[in-house]
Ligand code: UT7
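There is one chain below, alone, in structure tokens, taken in the form predicted on its own.
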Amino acid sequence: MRKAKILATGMYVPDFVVTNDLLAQVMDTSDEWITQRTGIKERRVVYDTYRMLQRLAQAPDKDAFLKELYERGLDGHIDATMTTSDLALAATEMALKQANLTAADLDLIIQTSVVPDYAYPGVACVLADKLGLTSTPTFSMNQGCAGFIFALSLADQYIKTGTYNTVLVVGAELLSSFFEYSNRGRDMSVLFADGAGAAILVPAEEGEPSGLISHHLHTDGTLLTKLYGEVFGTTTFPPVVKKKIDDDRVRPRMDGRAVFVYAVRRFREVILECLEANRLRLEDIDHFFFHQANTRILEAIAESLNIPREKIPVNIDRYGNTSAASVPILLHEACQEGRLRRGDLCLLVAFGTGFNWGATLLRW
């Protein structure tokens, strides 16, 4: 059976930087509070969010500003300047350039996001349109922060079976538009940000050591209310109605304590599961690419399993939590910085809404 490998990677984050100090101007928080609890110093967001936060910081009556924002949009305008598929496109174009390929060379696109451009079709379909593709099949997934791991496993199967040869996997998130920047929405709005990461998978040459080795995926739907968002879902009728906003049912919800406890537990379990399945020890792994959810979670996992900190790259301080984009962004930066060497064993792990969690083992 064939083996899939990652040929090239790409990433994109918007130019606009939101510091903790800016957030402290729009809600009761501080740089010290955010840094101690999350490890985040700044995050990247699209222009619409950045402009809104600048205006909100200057507003004499912040509650009135937010009320008008949700009723009329910013200055009466509601059309976004950048969408999730735009972020995905930028990361894809970088990966294609690095692979010396064109969009026409892609046999399949698998894309994962929490917040799509439209209720339907999915982001992958919109991305195909922006790439000028008229027949290439696509999948749009929503596995939360674990989306890239789930998408990698799917791409791997298509290459292993010989169905497709060149598969694009993209994790793209435009989350900053999703949250309420107020004391009420503070628990999530200080965490999440915008960005995209992409990988192009192809068959490895016969005898080549590089390639994806195994995937370990899990879901526990009984805990979905610990991290969820209704937005335009059918939990209400009609799905989109002003009363839904008035009743505060479109704002995302998170039980931070539960997420922390379950994330640390499931990270540990799936890491050990992967190692046992492949008869490896922790010290055999050269790099642990963990979803950038919170530095406290990363530290707890490292301490629990006695993983050397130098094996766990961290960029959440610069980008925030970019959900399904965080693992591919981390992977791309490691490639660009020359930290990945041929033959290195890499373990990719993520946990998110669902709860969904999983791990992918690969040799670079």
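Each residue number is its position in the shown sequence, starting from 1. On a predicted model such as this, the values are computed, not experimentally measured, just so you know.
Heads up, the form predicted in complex with the named molecule isn't pictured, but that's what we're talking about next.
Between the named molecule and the residues L282, I213, M254, L224, the one pair within 4.5 Å by heavy atoms in the model of the complex involves M254.
In terms of contact with the named molecule in the model of the complex, the residue from R37, K311, K62, R339 that brings a heavy atom within 4.5 Å is R37.
Residues with any non-hydrogen atom within 4.5 angstroms of the named molecule in the model of the complex fall in just one of 189 to 197, 244 to 252, 106 to 114, 153 to 161: 189 to 197. When contacts are judged by a 4.5 Å heavy atom cut-off, I297 counts as touching the named molecule in the model of the complex.
Within this chain, C145 lines the site of the named molecule in the model of the complex, having a heavy atom no more than 4.5 Å away.
A293 belongs to the set of residues with a heavy atom inside 4.5 Å of the named molecule in the model of the complex. Residue contact check for E303: none of its heavy atoms lie within 4.5 Å of the named molecule in the model of the complex.
Highlighted residues W33, F260 and F351: every one comes within 4.5 Å of the named molecule in the model of the complex, counting any heavy atom.
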